[in-house]
Ligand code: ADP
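Take a look at this single chain, the form predicted alone, given in structure tokens.
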Amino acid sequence: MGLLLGCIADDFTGATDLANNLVRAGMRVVQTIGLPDAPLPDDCNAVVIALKSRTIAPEQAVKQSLAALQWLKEQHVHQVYFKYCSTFDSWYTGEVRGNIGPVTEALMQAMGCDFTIATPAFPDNQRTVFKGHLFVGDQLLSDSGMKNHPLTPMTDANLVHVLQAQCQRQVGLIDYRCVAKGVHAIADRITELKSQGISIAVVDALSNDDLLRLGPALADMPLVTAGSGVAIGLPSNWGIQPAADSAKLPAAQGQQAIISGSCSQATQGQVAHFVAQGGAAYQLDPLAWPSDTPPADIAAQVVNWATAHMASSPVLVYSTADAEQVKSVQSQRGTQHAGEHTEQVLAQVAQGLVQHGVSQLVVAGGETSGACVQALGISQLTIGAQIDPGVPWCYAPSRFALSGGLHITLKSGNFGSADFFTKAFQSLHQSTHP
């Protein structure tokens, strides 16, 4: 069947989120960290190229995305999928800017594509779009915790407005009433929008049924842009159906650890739950060391603590904090320096833990996941079973792992139930040990 779908994701957890939905729908998926530097498995029919481009300047995000597109073109993929977060956030400096629009338009131009859709809807994780407005649960995006995100605050829930501010092309809407009527109504609406000079359409979706109705309407669209939700409706366009063996991973072994850098409300709750349950936890306080302390020195202290605790139970190392704590650190250390320094420490911790026998690793937060994966020298991940919506276990070779490979899950900060950290390891054991 060959490589059918080529995906470009703007961060590492988002890439895993997308790969998870494709695997659940029956595709055999490999996620690569950056451009693939090794051959893909012969049975792979979808690839997700994970970039770390969500929070960099638009010009750089465009450059990286076009390089990924060129590689996908050389593989003769049938369709390209640009994946962004289900909260539609990207680079932010206080101006009305972002990466989603510029990357979308650059991909359209490079592919000679005159129309595409945009929707971050992911109902399984309570992300829905109604009349062009993005909801998180029952709240508008602009009323949710995303309004205080330290890197990418979102204060406008109207996606047509948000995307139009980032685009030169005209942005329109395919609303819920049209989607509910199915593939022919969606196709007619696309024709109508194109006749009006509109090139990008935000699409409403209130349920998985809406996404499944949308899927067939995208079968001949060269470029799709979306969160991960749309992926559930695409594999059937190639006659692919869910299959039990598409999520098979090697049996899990070794020590267990969690590294959390996300400051989202969901992750704050997961850290609090783990600590309340008596889990061994080390809180990384960026102000506890002089600002010029090398990350490796701090990481060595943390790893020494972890190795004394992880023989009997999972350990948690976290810099997760609430909005006021984050603002305090940023005001004293500078926003960019504080974020980058903490990321480097957590990445060094991940490397040290794996070198000391951890082979089951949970990482929370998109930026943290990117830093940890790069520090561990991971270039490809095989996607396994889902823990919670949007978050699967993966398996990856790593030269730092004592056994040559490790199980790893890259959790978006906003995803997962309150007991995610404890549930994750139980889920892995159940899915890899018959």
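Numbering starts at 1 and runs along the sequence shown. Since the structure is predicted, the reported quantities are computational estimates derived from the model, not experimental observations.
Just so it is clear, the following notes concern the form predicted in complex with adenosine-5'-diphosphate (ADP), a form of the same protein that is not shown.
Contact with adenosine-5'-diphosphate (ADP) in the model of the complex holds for all three of Pro150, Ser264 and Glu367, each having a heavy atom within 4.5 Å. Interface residue among Asn99, Ser86, Ser319, Gln270, judged by heavy atoms within 4.5 Å of adenosine-5'-diphosphate (ADP) in the model of the complex: Ser319. The contact residue chosen from Gly132, Pro235, Pro286, Gly172 relative to adenosine-5'-diphosphate (ADP) in the model of the complex is Pro286, the criterion being a non-hydrogen atom within 4.5 angstroms. adenosine-5'-diphosphate (ADP) is not shown here, and in the model of the complex it never comes within 4.5 Å of any heavy atom of Gln256. Taking the partner from the other structure, adenosine-5'-diphosphate (ADP) in the model of the complex has a heavy atom within 4.5 Å of a heavy atom of Gly339.
When adenosine-5'-diphosphate (ADP) is considered in the model of the complex, Ser412 lines it closely, a heavy atom lying within 4.5 Å. Using a 4.5 angstroms limit between non-hydrogen atoms, Ala347 is distant from adenosine-5'-diphosphate (ADP) in the model of the complex. For adenosine-5'-diphosphate (ADP) in the model of the complex, the listed stretch (245 to 253, 323 to 331, 173 to 181, 224 to 232) containing residues with heavy atoms inside 4.5 Å is 323 to 331.
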